[in-house]
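Listed next as structure tokens: two forms of one protein chain, kept apart as structure 1 and structure 2.
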Structure 1
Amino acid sequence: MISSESYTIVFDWGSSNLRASLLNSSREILEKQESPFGIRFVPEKNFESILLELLDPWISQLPSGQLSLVALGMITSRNGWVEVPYVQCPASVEDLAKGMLTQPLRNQLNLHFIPGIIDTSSQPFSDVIRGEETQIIGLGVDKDQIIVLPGTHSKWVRTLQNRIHRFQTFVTGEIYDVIQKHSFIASLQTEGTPSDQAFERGAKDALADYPQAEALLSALFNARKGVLSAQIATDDVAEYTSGLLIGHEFRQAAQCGWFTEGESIIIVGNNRLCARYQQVAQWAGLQVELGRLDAAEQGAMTLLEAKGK
């Protein structure tokens, strides 16, 4: 692997996982590694040791003068390695690059930390993102567009005039996880194979044009009502609930002014979850474009270049 070419290692370090990608100067991903040591699972916050152990097979082959390291995600939060102050929204590539912090490692390499973004215009409290801003930069901010990033905390983002203009968080994935692990609704679920229609039925019930569909706290009880009335199979409870929650995210996003029927959005992130969001978006009357899967790596490279390595 050793050559005169320069390389960059991008770390997407979240709460549950650490993902590392090795890229060459042409921004091609050469190799990937993954570790279960998300920031929640690092003993005594010994982040540097975990990182260097993971990367030793790469670092040992690459002269330090040819290697750049850049990190994004919750590793830059107050619970992570280095708390990097948020950059104010609207935020440009240059704004984020200026907000990056650099820390030397004990092997003499510098690690560059990418900041998150804060939107103080959000009511009643400021909204924040960490990690998704790098994916957005990787997709490009040169167009007026709506980008949806599904996840535990799903983000709806507008880019405008070469900036991340505004965003809004929906805790859809977290609510689903809580329901599945702790609710009486989930106790109805059995371990059989769900039907292909269960997810669709939940999403379309959430998007339905009748007054009761507006009330999420009431709609969540539909899973139990459906089982009691023998209209939902117990094998289908989890899929129905997933569809219901994602459908309500789109319903509420529309109410918050994120889209009207017939408009286009870009969805980027996990393949399986993105496929679900794509289905619901189409049922909500939207045109969908899927964003590139290496958006985080490309965004990190863009920010590192703007910073001037």
Structure 2
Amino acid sequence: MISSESYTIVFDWGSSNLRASLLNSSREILEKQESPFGIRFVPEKNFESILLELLDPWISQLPSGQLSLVALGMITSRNGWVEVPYVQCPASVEDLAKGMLTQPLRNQLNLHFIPGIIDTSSQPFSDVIRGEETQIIGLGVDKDQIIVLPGTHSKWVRTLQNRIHRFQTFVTGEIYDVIQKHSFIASLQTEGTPSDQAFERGAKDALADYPQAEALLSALFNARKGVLSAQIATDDVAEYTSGLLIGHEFRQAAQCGWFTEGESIIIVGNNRLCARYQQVAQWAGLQVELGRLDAAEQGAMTLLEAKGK
């Protein structure tokens, strides 16, 4: 297809870090780099200098005629380098490719920005993502699937009829973080090794079918009630609460129509949080597949090719 080897650098530049991958024309990742220079740490929007310095070891060794750069993530937002308008859901590969913006760099290389997407069907206000759309494209939109991307703000995404159909954000990770640092949960928790069962117990209490399980604002008090009644060890408070919150995310996702028992979902990521989501998904009666870890790189390649057509 391509006569001489060409290369692509794909980078996800988010608020708190920058992750770059170098791929060949067979879409194999040759090298990776990560920098803590998230966009909020970049002074005076001096993005180009920081990027070129970081990528110099790659760029200086590669033939410039055969190198493309593709950016995704918060770098395309108002606080980023170039604000790229959102593409509306349902969004196909072609829709996203059409929404890409290209900007020449001072070294003559072209940098292509991938747009985020907006779901105007989200109630009461539109929801938006920047970066995850590329991962979804990399996983493939040719099948109708439910994809979960765990994180501080986790995303549930539906693909349907070759499009990213809709998505929903859950701020579970951030709520866990602030309550285990700043609430009565922090006062209860002690420093010992938590038991292996604490997380599971929390998740299963969230998924239980008695009426009180419905009420997260009440269930968050479980840890304290459990400690008072000697049912939860103080070493287990944070783990229990983590299970409870992720369990509630699944409970609430089901109530929002994301899945019914027995269905399959794809979970993307390989960190500890993803392993937790995988466990809870199974307890919620779901079949779980793990998404490929290079979804962002593959999605960027797909979009770059579609744009070139």
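Since we're looking at a predicted model, the values are computed, not measured. Take the two forms, find the largest set of C-alpha atoms that superpose within 1.5 Å, and that set is the rigid core. Quick note, the numbers are simply positions in structure 1, starting from 1.
Comparing the two isolated chains, structure 2 is the one taken from the form predicted together with another copy of the chain; structure 1 is not. Relative to the superposed core, residue 102 undergoes a Cα shift smaller than 2 Å between the two structures. After superposing the rigid core, the C-alpha of residue 74 moves by less than 2 Å between the two structures. Annotation for residue 226: C-alpha shift of 2 angstroms or more between the two structures, rigid core superposed. Core superposition gives residue 235 a CA displacement of 2.5 Å between the two structures.
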